[in-house]
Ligand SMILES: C[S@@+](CC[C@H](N)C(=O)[O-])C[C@H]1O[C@@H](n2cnc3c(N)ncnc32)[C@H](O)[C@@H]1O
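What follows is one chain in C-alpha cells, specifically the form predicted on its own.
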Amino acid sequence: MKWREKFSVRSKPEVYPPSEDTWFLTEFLSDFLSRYKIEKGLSGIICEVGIGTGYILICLYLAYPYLRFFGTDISPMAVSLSIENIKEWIPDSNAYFCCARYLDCFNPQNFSPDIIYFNPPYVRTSFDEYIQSDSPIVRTWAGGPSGVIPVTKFLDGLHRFKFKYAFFLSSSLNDNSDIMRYTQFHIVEMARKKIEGEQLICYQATPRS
C-alpha cells in the first residue's frame, strides 16, 4: 500500500502506531484535499484530533505546506512524539500541537478550521475497560460497548465550532446508529475499507444550515 511505504515515523509503546486505519484515513484525506483544492482553492486550517505519532498530519503537510495545521491529543507522550516526528520531516513547519481532550484547547469564537479529522478509538470493549484502563495504549483503541463512545464525545463538542468538513472513522462491527442521532450535522458514509474481520468506515459530518 502506498501510504505504508511512503515514510516511517518514530513510535513509542504508549502511542498508537501507524496501522491499517491510519493509512486508510491518510489516503482518503489526501484524495479529498486534492479534489477540494482544485474545486475550491482551499487555503485554510486543518485540525487533527488524536494526533498519535503525527503520521497523518506529516503526510498532508508534505503535500500542502501552505495550509495551517493543528493537532491535539490527550496524551502528553503523543504530543511530544508528534513534535519530534514533524521536526524530523519538516524542520520549519507551521504546525501547532496542544495536549487536550478533543477540541477543548480551542476557543470556538476564534478557531474556525476548514477540516477537522479524527481517527478515534473504535474497538468494542467493556465499559469498565473503556473507563478504567491504566494502560495508555489501551486507551488509544478502546471504544466502549458500542465502539463509538469516543466519536460521540467528539461530536458532542463539535457543534460549538464553525467548520466546513469533519471526518472520522468507525467500524462495521460497531453500533453506528449512535452516530446518526446528531441531527445538527449532516452525516454520510464516504468510504469503506475491508480489513481482517471488519470494514473500516470513513464518515463525513457537515453543519446543517
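Each residue number is its position in the shown sequence, starting from 1. For clarity, every value in this text was computed on a predicted model and none was experimentally measured.
One more form of this protein exists, namely the form predicted in complex with the named molecule; it is left out here, but the text below deals with it.
Proximity to the named molecule in the model of the complex, defined as a heavy atom within 4.5 Å, singles out one entry of I56, I46, A166, L155, which is I56. Residue contact check for P120: one or more of its heavy atoms lie within 4.5 Å of the named molecule in the model of the complex.
Although the partner is absent here, R124 is not a contact residue: none of its heavy atoms lies within 4.5 angstroms of the named molecule in the model of the complex. Interface membership of G50, defined by any non-hydrogen atom within 4.5 Å of the named molecule in the model of the complex, is confirmed.
Although the partner is absent here, C105 is not a contact residue: none of its heavy atoms lies within 4.5 angstroms of the named molecule in the model of the complex. Site residues I74, R101 and R139 are all in contact with the named molecule in the model of the complex, judged by any heavy atom within 4.5 Å.
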